[in-house]
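Single chain ahead, written as structure tokens, the form predicted on its own.
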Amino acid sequence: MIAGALLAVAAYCPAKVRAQSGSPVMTVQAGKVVSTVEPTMWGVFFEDINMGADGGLYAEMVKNRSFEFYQPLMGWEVRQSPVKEGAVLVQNRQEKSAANPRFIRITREANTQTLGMVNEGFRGMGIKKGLRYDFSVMYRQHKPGLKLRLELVSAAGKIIGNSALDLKETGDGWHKANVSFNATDSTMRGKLAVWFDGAGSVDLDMISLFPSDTWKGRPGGMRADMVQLLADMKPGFIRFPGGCIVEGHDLSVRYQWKKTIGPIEDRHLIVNRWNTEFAHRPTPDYYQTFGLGFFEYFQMAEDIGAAPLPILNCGMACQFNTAEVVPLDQLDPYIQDALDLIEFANGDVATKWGGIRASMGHPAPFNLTMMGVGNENWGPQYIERLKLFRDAIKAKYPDFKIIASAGTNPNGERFDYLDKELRAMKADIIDEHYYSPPSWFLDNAGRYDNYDRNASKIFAGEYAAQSDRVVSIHNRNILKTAIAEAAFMTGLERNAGVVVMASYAPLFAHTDGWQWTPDLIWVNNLQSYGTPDYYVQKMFSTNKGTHVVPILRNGNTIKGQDSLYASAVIDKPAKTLLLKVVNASSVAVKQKIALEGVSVAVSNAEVATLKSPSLQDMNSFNAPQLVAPVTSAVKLKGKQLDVELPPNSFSVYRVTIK
């Protein structure tokens, strides 16, 4: 994710094209394979921005459950009457438990006060009627006798779920207690109240509440609706954990994967770098608990059939912030982290890190084949660090693929320097990013037509058309941006011999907690929906194919002539010809499509079309599929399709072949 403001957006007005039956024929040369399509071609990019993890994908409902925020009681309200000094104390173990030093000590004398704590959740708690909720807490009793009384409270103050929990274990050690109960009503912005009855003194930590309907029913897992939207895309890869959080504002808050695995209570919370990044969207309560850590990322990738693509810090903090770097003679721990991650993902259970993976419940390897070194880093300082990573990784794992950063922009002095240096290094894959106006995407559908097929491959790692301007609160996921991205993606697909991966960014945004827009999927505490841009990504990724074939008009590739854009692939195992056509004009176009070099097995083709009356149309929680693909049949006349391309539309044609 680009952390600084970039180019201003110029408004784009598509040229009008008169609908006519005599327009040039589109010819698909289905018998002429141009290149293969990598299984990883279309994937997803995840970063914990916009409350994407905590408060989003990670289903934990309690904010600041371990009291490790800069303000230890942020998210909590202590309620007591009368007030007794010392009834609630924040304790700090410091170096005795560096990963999780703080806890609270509760002391109550019998029948002398009302004492409780209320957690507000992440912009409230989304509670569903009839659903089971699982509460847990770690505790250590000094003076037994306290009982926990739990209440789910609606936004209107109504109790909509309750239970009680006895703390039975005593002694100096920490214990875990849990209880489950059902909600009797629904609310978008509920709260959790923990009341203390009886008399006694107890230490509490890791106060937690999860819904039972997590992805695959895993305790302490992820929101099922959000993961399902990803699974429905059938992505070829998932890139994680970012994004600029890989770098951190400075190196002290960089992402360190080893601190995100193992027991949840031992994972080291840090501030999220998007906490105060933008003055227009301050989020002082945004932290990373790492309940969604590297093990869970790998597991999710496996669940949805996507190749894992981790990105690691290369010894550089975000260059838009501090530009802090690790001296080259002190880079070894960073490089060792990369080597250890490969062992964690792939190593035998007898190895140190493979054994840790197995101890977390996954003895089989995750089959990691690639890794990004650095995120949007640039300059000579990046190249010299990248070379050290490359040499160490390739020495131990010669076939392992390393993805290198091409910086923040798709052109300019930074890009030109990196492109030259990375190609001289024979980099495996170069990660290019583009956050630009819709006109840029339309104009660059042929960007990769002349790239060297035998040189470094390309990862279109982050892209999104900006409806207003980059880093603007007015950017929207409208049909206009989706159509421009679809046009650009036909160029990526046509050049699959060069472009081996592509992903939109950012992925998720919480409607009450976002920092950056536009975003692919929007969520609140109870709902989620895909944008028009999401449906474009899904239409490409679920119609990926295995081999690129030419689709021509007047003998030329179709990349903007008469505002049309097109690409074609064959899915050989499925015996399907897949045609993707964008009409970026404001009027319908009647078009003949001739199929050459192939035998057709059916009399009707299937077409899915994304369109809407206005380029400004967008989806919402009230109308989540206002702009969504509609599927219909189109008759084949021998080996020809006579179609009408709606204005401002993206269509995918599926033809069964012999």
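Everything numeric in this text was worked out from a predicted model, so none of it was measured. In case it trips you up, residue 1 is the first one in the sequence shown, and so on.
Omitted from view is the form predicted in complex with a small molecule, to which the following refers.
Of the candidate stretches 596-604, 25-33, 40-48, 616-624, only 40-48 has residues whose heavy atoms lie within 4.5 Å of the small molecule in the model of the complex.
Under a 4.5 angstroms non-hydrogen atom cutoff, the small molecule in the model of the complex has residue 274 among its neighbouring residues. In the model of the complex, residue 243 approaches the small molecule with a heavy atom inside 4.5 Å. Under a 4.5 angstroms non-hydrogen atom cutoff, the small molecule in the model of the complex has residue 435 among its neighbouring residues. The small molecule in the model of the complex comes within 4.5 Å of a heavy atom belonging to residue 516. For the three residues 443, 485 and 560, a heavy atom within 4.5 Å of the small molecule turns up in the model of the complex in no case.
Exactly one listed residue, out of 205, 462, 493, 296, brings a non-hydrogen atom to within 4.5 Å of the small molecule in the model of the complex: 462. Just one of 222, 418, 505, 338 comes within 4.5 Å of the small molecule in the model of the complex, counting any heavy atom, and that one is 505.
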